[in-house]
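There is one chain below, alone, in structure tokens, taken in the form predicted alone.
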């Protein structure tokens, strides 16, 4: 039996289950909880080759809302790329990527992806170029800790509903450069940073953050408006804090002594020209 191309097939539950099995086999990611909780995103569009009901190669085109220099636009993130080991080195991923980008033509103004180490030579051969990313940070002054920080647990449905409500109604984290999707954010809430979600009711915002020794990593801030970090920091502060890293641009936070590092290791690649140089991709925008 010949292979069959399928796209936009999420309503076909058997095909979607085959895709989930493929992603688990290739990338070790189990989408079951994201699906069961109701956050499966139709904007996450698959282009897949099937054989005998199984996915043998697939690429996903994620059309994401973005802000660049204060204006609204859209960007494409390529993810979920892989080929079953029996079908590799036949150009299937490249065919699917080309089909996906043709389908998305005219709907966006930039394409980006985060490559696995072993995939870097492949993307270089396909004409993608590496892009340096920015990490913004500063060294805080000690401030008295303020009570009122509430840890949210995504396994608690009431907490999860609250997180999603914030995600749906959030302001962009940055006017300089933001990429965002409420359902993609919920993937991170359920998987990558589920233990790092806190609400500050006094400020009507969520802060996703964690600590590594004396370093605070702030992954995202959600609110209808973004409070200044001067207001946020007393709720999350510790006497041990020596550095605070931000995984997004901080132009809305009002920090005077912000510094920047150019970081490597995320293996960020873009197709042709990309509308932002040295961006800080928000942590919760990574598919």
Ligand SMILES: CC(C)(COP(=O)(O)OP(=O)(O)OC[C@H]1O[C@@H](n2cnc3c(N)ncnc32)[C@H](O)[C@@H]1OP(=O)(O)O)[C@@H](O)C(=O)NCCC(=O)NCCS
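Residue numbers count along the first chain shown, from 1. Bear in mind the structure is a predicted one, so any value in this text is a computation, not a measurement.
One more form of this protein, predicted together with the named molecule, exists but is not displayed; see below.
Student: Please pick, from 143, 119, 104, 135, the one residue with any non-hydrogen atom lying within 4.5 angstroms of the named molecule in the model of the complex.
Tutor: If I apply the 4.5 Å criterion carefully, the residue I get is 119.
Student: Give me the residue from 110, 172, 100, 82 that has a heavy atom within 4.5 Å of the named molecule in the model of the complex.
Tutor: The residue in contact is 82.
Student: So in the model of the complex, does residue 90 come within 4.5 Å of the named molecule, heavy atom to heavy atom?
Tutor: Flag for residue 90 set to yes.
Student: Taking 4.5 angstroms as the cut-off for heavy atoms, does residue 207 touch the named molecule in the model of the complex?
Tutor: Judged by the heavy-atom cut-off of 4.5 Å, residue 207 is well away from the named molecule in the model of the complex.
Student: Does any heavy atom of residue 258 come within 4.5 Å of a heavy atom of the named molecule in the model of the complex?
Tutor: Answer no; every heavy atom of residue 258 is more than 4.5 Å from the named molecule in the model of the complex.
Student: Is residue 231 near the named molecule? Define near as a heavy atom within 4.5 Å, in the model of the complex.
Tutor: The answer is no: residue 231 has no heavy atom within 4.5 Å of the named molecule.
Student: Taking 4.5 angstroms as the heavy atom distance cut-off, pick the stretch from 180-188, 148-156, 90-98, 164-172 that is near the named molecule in the model of the complex.
Tutor: Of the options, only 90-98 has residues within 4.5 Å of the partner.
Student: Heavy atoms within 4.5 Å of the named molecule in the model of the complex is the criterion; list the residues of 187-206 that meet it.
Tutor: The stretch 187-206, when checked against the named molecule in the model of the complex, contributes no residue at the 4.5 Å heavy-atom cut-off.
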